[in-house]
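Okay, so here's just one chain, in structure tokens, the form predicted alone.
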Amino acid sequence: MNVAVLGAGAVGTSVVELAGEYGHDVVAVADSSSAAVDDDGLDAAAILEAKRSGGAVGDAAPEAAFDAAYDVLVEATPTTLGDAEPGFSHVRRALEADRHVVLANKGPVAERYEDVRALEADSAGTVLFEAAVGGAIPVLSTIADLNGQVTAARGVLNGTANFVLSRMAAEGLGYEHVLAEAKDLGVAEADPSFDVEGTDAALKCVILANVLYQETYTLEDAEVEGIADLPGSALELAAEDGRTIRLVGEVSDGRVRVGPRLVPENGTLAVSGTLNIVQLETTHAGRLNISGRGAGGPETASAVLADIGRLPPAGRN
């Protein structure tokens, strides 16, 4: 496949770096201010060095990426809420040109799922978004393989929040102390509110609800509580009873909920550090647990590239 990548953050640059190992050619890369385009295939090392040294991927305008001879557009720009722009417009433009789209950006399928599916229905292109839920964990492909058997999902879906809670529990440290440590280690962003307020986990659960129920959920339909106000004493009390606390997202009975939950201290949901886990409840296979790295450039890029491998041959206009 010929691949155009929008977004040159950790995920986008990892896709550029790894695409060749999966047998794909990157023909365009764009960041917010520039683009590099070559229909014969870009030199990944040169693109990555240009980004590292000068902050721009090329000399062309970002719009030039859409003129490349690409088969699949990888949308890896930052997630935005509400109208999900500019990610949604990027999706629309590719589908209207009968190209495939693979999303790492959660916004279009969390906030405008019905619009994305309507565009897909009128296009020869396909939209896949494994990387938008759980990074490297194959959640959506497992759901698809189970062919309607999955009735509910729950899990720990944000590595930053999980790092904070597991460190607080293990070391008896306060929230602010652990959050500062997470920032120093690069586990938390400079502004970690998206993670610790539960928004990131809620968006992933909204996407799961859209897939499971084939309806239109948005962030507004989710009941969300974060961990910022959770006192250390709550973890201490939980430990006395052989339990701990994790930020758990749940999709069941038509509802989407995210919040701190008591779980058994040695139970399946008590993953530590930045690990994520998803539990799928199924009609015939019982409960399935899938765990792994829910974030990170190469990890998330592996899900993007797996999606590209699942796509049918593209038909370009």
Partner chain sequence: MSDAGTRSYTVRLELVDEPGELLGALEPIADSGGNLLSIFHERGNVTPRGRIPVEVDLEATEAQFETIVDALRSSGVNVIRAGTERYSEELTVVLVGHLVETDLSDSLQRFRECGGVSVADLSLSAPAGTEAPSSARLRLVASEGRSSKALSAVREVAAEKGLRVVEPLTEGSA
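Numbering follows the first chain given and starts at 1. Everything numeric in this text was worked out from a predicted model, so none of it was measured.
Absent from the display: the form predicted in complex with its partner chain. The rest refers to it.
Taking the partner from elsewhere, residue 241 is found to have a heavy atom lying within 4.5 Å of its partner chain in the predicted complex. Although the partner is absent from this view, residue 279 contacts its partner chain in the predicted complex, with a non-hydrogen atom inside 4.5 angstroms. Although the partner is absent here, residue 228 lies within 4.5 Å of its partner chain in the predicted complex, judged by heavy atoms. Using a 4.5 angstroms threshold between heavy atoms, residue 250 counts as touching its partner chain in the predicted complex. By the 4.5 Å heavy atom rule, the three marked residues 44, 89 and 93 all fail to count as contacting its partner chain in the predicted complex. With its partner chain left out of view, the stretch that reaches within 4.5 Å of it through heavy atoms in the predicted complex is, among 267-275, 48-56, 62-70, 31-39, 267-275.
Exactly one listed residue, out of 81, 234, 224, 136, brings a non-hydrogen atom to within 4.5 Å of its partner chain in the predicted complex: 234. Comment: its partner chain is not present in this chain, but in the predicted complex one of 245, 140, 116, 179 has a heavy atom within 4.5 Å of it, namely 245.
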